[in-house]
Structure formats: structure tokens, C-alpha cells
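Below, in C-alpha cells: the form predicted on its own, a single chain.
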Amino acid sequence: MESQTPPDPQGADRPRVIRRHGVVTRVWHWVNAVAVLILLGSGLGISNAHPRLYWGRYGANFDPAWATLPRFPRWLTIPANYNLAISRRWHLLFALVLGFGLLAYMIGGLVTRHFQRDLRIRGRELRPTALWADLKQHLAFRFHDPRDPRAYNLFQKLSYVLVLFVALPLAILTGIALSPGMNAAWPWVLEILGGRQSARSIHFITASVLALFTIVHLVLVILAGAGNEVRSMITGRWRVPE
């Protein structure tokens, strides 16, 4: 008669830990987080210099604006006191960090096949039944698939794809269009965007989308368990929720 190994009661209760985020994703996440926060703060400081948005090539105090922005409080701007020159310096410096960081992440994501493996959206995921099922899981605060806890859910894939391949490149492109030095080198950028004021409006809209994404992202991290999520983005190790 074969002897049976008794089950380990402590092992049964031990949480399951998996490796969820690679080194490339983790490094870029924190570099990008710092860059986006400083770009948003310095961008609001720049906006306070002329809080009106226009379409077309030109726009000044007496031209009709399609949007008039509020004056943002000092606790949201970089620097806290109004200083357009300093805001522009911070903005330009971290625009370079954002741009080259995104380029490095794109290369790393292709080399490691992170994009193809983790962010590829399949046709069956876009079916109405699949969308509805994923939405119900979100409303119930269940953000991972128990059968494959490492996988991103559909709404995560859609939001990351839109941010990585649409919002961030558009923010960089419109930022290039607003630089006088870049205008001299690549005048066609302003032309395809419809003029300097159109580029400025698109830049502000894109920045607003990124700010909204950041807020929603932080809220979902808190709801999913901030300690576990932040630890996974530092060490790569993620504890699968019960």
C-alpha cells in the first residue's frame, strides 16, 4: 500500500505569486510617471500665461477663442509661483525624457514581444458579449482572469494601446509643432496639424486625456490593492488576489 503525503496546511493558504511585469515595463513606467506629472504641472503653468485656445494659424487676445481655460491654482503648477520661463524649461526638459523614454520602451516592447504577447487585441475580445462580461467584472472590482492572472483584460489593453500608440505620440508631435526650432527644421508638422493654434489646442486636449487616464489609473490601482500593485511595478512580483 502506497503511503500518501499529507497536504501542507500552510502551503494551501500561501498566496500565489507570479512575475507580471518585465524590467523594461517597470523602468519605463516610473520614468514616464515622473515625466508626465512634471509635464502636466509645467503645462498648466504655461497655460496660465494665456488661458485661451484657438483653431487655425493665429490667435491672440482679441481673436475669438473656442475655449477659455480657468487659471490653475499654484499647487497644481510647476513652479508654484507664476514664472513662464521656468515652466517652459521644465516642460522642454521632461518632454525630451518622455519622448526618448517612449522610443526606448517601444524598442524594448518589440524586442521582448511584450506588445504582441500582452497587448494584442483579438477579434473575439471585441464581441458584445465579451465586452459586456468584461464590464461586469470591472463593476464588481474583479480586474484579472483567474485562469490567466498575468493577462491584461480588454479594457486595460484598449486603454494602454490608445495611450501608447495614439495619445503619447500625438502629444509629442503637437509639442514638436509648438517649438520654434522644430518649426524651422520641420515646417510640414505645423501644416498637417492646421497651424500653430490648432496644434496648441490639440496638445492641450491630448494632455487632458492623459491627465484623465492618470487619475483613473490611480483610482483603479487603489481599488485593486495599492500595495500589491505598486510592489509588482517595483519588483515584478504580483500576488494573485483570492
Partner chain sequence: MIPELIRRRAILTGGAGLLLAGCDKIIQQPTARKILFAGEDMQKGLQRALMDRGALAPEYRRDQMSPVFRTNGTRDPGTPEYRALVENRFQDWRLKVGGLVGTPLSLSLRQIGEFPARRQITRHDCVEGWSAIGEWTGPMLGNVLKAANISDRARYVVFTCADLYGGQPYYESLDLIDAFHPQTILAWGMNGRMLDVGHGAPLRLRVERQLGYKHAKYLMRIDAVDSLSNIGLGKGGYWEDHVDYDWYAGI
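Numbering follows the first chain given and starts at 1. Treat the numbers as computed from the prediction; the structure is a model and nothing was measured.
Below: the form predicted together with the partner chain, not depicted.
- Against the partner chain in the predicted complex, the set Ile121, Asn153 and Leu210 makes no contact: no member has a heavy atom within 4.5 Å.
- Among residues of the shown chain, Arg26 is not one whose heavy atoms approach the partner chain to within 4.5 Å in the predicted complex.
- Using a 4.5 angstroms threshold between heavy atoms, Leu98 stays clear of the partner chain in the predicted complex.
- Heavy atoms of Trp186 reach within 4.5 Å of the partner chain in the predicted complex, making it an interface residue.
- Contact check for Arg89: a heavy atom falls within 4.5 Å of the partner chain in the predicted complex.
- Checking Ala49, Ile192, Val216, Ala67 against the partner chain in the predicted complex, a heavy atom within 4.5 Å turns up for just one residue: Ala49.
- Counting a residue when any of its non-hydrogen atoms is within 4.5 Å of the partner chain in the predicted complex, the hits in 52-70 run Arg57, Tyr58, Gly59, Ala60, Asn61, Phe62, Asp63.
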